[in-house]
Each structure stands twice: as structure tokens, then as C-alpha cells.
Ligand SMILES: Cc1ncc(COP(=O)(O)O)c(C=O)c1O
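A single chain, nothing else alongside it, follows as C-alpha cells in the form predicted alone.
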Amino acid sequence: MYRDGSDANETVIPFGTTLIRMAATLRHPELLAYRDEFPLLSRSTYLNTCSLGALTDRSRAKLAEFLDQWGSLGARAWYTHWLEELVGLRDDFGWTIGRPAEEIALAPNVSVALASLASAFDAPGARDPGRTRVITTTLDFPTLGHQWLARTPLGVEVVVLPSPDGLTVPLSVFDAAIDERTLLVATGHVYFTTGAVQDITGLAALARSRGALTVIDAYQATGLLPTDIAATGVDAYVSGTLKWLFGGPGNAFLWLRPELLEALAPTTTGWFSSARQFAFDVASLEFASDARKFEMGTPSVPSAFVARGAMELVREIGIPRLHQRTLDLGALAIRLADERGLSVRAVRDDAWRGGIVAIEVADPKPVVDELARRGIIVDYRPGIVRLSPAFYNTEAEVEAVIGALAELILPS
């Protein structure tokens, strides 16, 4: 123990008259070697991965590969290259949650994945007719609630649970709401508002004990939280490449528990769901025997190539290392914000925190706009400035952003 009270494995940083103690080194500093693969990082201080992961050179190279194939092969590229890339993307997505490619359905976004899944409950006898209630929460992304609100003319009732603390929705709140009328619980693995990680294993067990299903939106989790989805017991899982997989827009996926995959059939569909896709038989429909039964029309192949480039990097690094470094950067942001007197809306326990650190601001947009003018890219949601450092960020970048926020938010 040093005379100032710090440990030998801590570094003490003077901040005005305040000494800030933090770990001497954040885990996995070797990952900063990847910074050169992200051109955006040399042009700005980028702490907005929870909105859009930075573009890697590998994705740019894969997109160029697609364009070259299109230019040299035309439609033949479908059979010689592009269908195999889609197979590879299913495998990539399956790898992120510990499942085989055959259990993965591709979609252009989570809304389409959810629409395909929801359509399976429109069919007569798909589930117990007495179960018409869908439960979500006030902290969830609107896509989840809207998908089921659009089905209220079909008799669906949507229940939106409140958050007692503005950060989380405890299992006890779900426990009080799930009953014999509940068809499914649709909620996030990590809340997009606060970055809080939800106990989806406990939630799945609770829902199953009442005869209800769980549909989990994992967009703020996939690529950041190591996930063995089968071990959680959830029934359906949707996610995409936009954020912590660094793969840009245009790609998402749906996973269904194998028993449920076999039992359900969508009523919203497309030609990629057919078991005999290239028979072009308009008079009959036989669904694919695997998760492709929930796919729809022709996918965005350029987006698939971009995503595959990013997935190469994610698989090379490994999700555990990505998770650990991102957690450390978030913890650093929270400590620095606390020391500067900023109001932090975040879970303090690393075991239940994802990649988001929210700073409370009554009117966040002007603050975010001013930061952008200074070359600092973050985002906002009602009442908060949202920070999301990723593995490629440095400690100095986090300190600079917190310092700029303190200057703009706190009274002088």
C-alpha cells in the first residue's frame, strides 16, 4: 500500500485537486494493435459502438471482393460464391451463441426476424388460444413492443412493465406479471437505454414454469457477452451486426430452440424459406427443414460480405477478450464520471453491465452536437448522453470524453 492509500497495482491520476485511482492497466491492451484496421479511429474519438460499430478494413476488402465477383461473373456469382457466403454467415452467427449454422435464420434486420417469428403465432392452434398476452418492458427497444402492438387487432394484449430504478427490471416484476394468459415475454438481453444485463436464464425458467415463451433481443449483447444460448433456456433469440459485431446494417439473425423451430411455421415468408428454392414451384410450399424456414426474400449480399469481414476479426480476437476490455473501459468511464461529479445511470456490478455508460443530461442533443464539433462521437437518448467504448478505444480517449462532458454539463 502506498502512502496515499493506493495499491501497488493501481495508478493514481491527478485530476485537478482529485486523485483518481484505477487499475494500472486495463485488460488486453494488446487489442489496441487492431486500431489501425479502423480508419475512423484516426479521424475522431469514437465512443458510439452501441449505435454503430466502426468499419474495419477487412469489411471494406470483403465488399470489394463482392463487387469484383459481380463485375466479372454477374449472376453466376450466386452459385459460385454468394450462396456459400450466406452459409458462412449463418455459421458465424451460430458461433457467437454456440449453435450450428442450421439453427440460424438470416434476416435484413431484427424487425423482419421478429415479423417472421410473430407470424407463426397467427396460425390457428399455434399456441394455446387463451394465451394472448405479450410482456415487454419500458427499457426495451421499441421494435419489440411495436411488433406485438401491431397485432392487437388479432387479439394480442401488450403489457409494458415499468423499471423501478430506471436501470433494470428485476425478475420479481416479471414474476408478478407472467400468468396463464401470457403467450411470451419479449425483452432484451442488454437494455439499450442503460446497458444493464438481464438475467435471461432466470427469466426463461420463470416463463417456462408458467407455460410462456421467451423472445430475447440480443442486439446490445452479441459480440460483447459470451453466450451459450442453449444453456440459458430461452426460446428465441434475435440479434444483428450493426453494433458489437462491427458488421454494419443489413444483417440480423433469428435462433429458435430446436423443438420450437420444428413446431412453428411462419405465415409471413419468402422464397429463401423453401425446401426446394430453385424448383420455382408457385403452387406448393414446403418449408426448409432447418431454420431457413424463417427466412424471407433475397438477402442483401453486399451487407453479408461486409459482415463476414467483421466476423473474421471478432472470431480472431474472441468474444471473452472483447468483453473483458470493454467492461474495463466502461468501469473507467464510470469512475472518472463519478470523480467529476457527473450523474451516471449505469449498473456498477461488472457482472450485470454491458457496453453502455449513460450520463444524465436534461437536454442531451446540444451536448452531443458540441462534442461532434470537437471530433468526439457519442450518442443520446431521452435524458442521457450514451457512451460506449469498445475494445479499440484507449484510456486517454475515455478520459478526454469524460473531461469534455464535465466541461459542457457541469456549472462553471
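For clarity, every value in this text was computed on a predicted model and none was experimentally measured. Residue numbers here begin at 1 and follow the sequence given.
Unshown form predicted in complex with this ligand; subsequent notes refer to it.
Visitor: How about F305: is it within 4.5 Å of this ligand in the predicted complex, going by heavy atoms?
Guide: Contact with this ligand, no.
Visitor: Although the partner isn't part of this model, could you tell me whether S300 comes within 4.5 Å of this ligand in the predicted complex, counting any heavy atom of the residue?
Guide: Judged by the heavy-atom cut-off of 4.5 Å, S300 is well away from this ligand in the predicted complex.
Visitor: Please tell me whether any heavy atom belonging to Y219 falls inside 4.5 Å of a heavy atom of this ligand, as the geometry stands in the predicted complex.
Guide: Contact check for Y219: yes, within 4.5 Å of this ligand in the predicted complex.
Visitor: T132: heavy atom within 4.5 Å of this ligand in the predicted complex?
Guide: No, T132 stays farther than 4.5 Å from this ligand in the predicted complex.
Visitor: Within 4.5 Å of this ligand in the predicted complex, heavy atoms considered, which of T182, N109, Q198, S116?
Guide: Checked against the cut-off, the match is N109.
Visitor: L242, L332, V314, I178: which sits within 4.5 Å of this ligand in the predicted complex by any heavy atom?
Guide: It is L242 that has a heavy atom within 4.5 Å of the partner.
Visitor: Counting only non-hydrogen atoms, choose the one of 150-158, 211-219, 315-323, 76-84 that falls within 4.5 Å of this ligand in the predicted complex.
Guide: Within 4.5 Å of the partner lies stretch 211-219.
Visitor: With the partner left out here, which residues of 248-284 have a non-hydrogen atom within 4.5 Å of this ligand in the predicted complex?
Guide: Going through 248-284 in order - heavy atoms within 4.5 Å of this ligand in the predicted complex - there are no hits.
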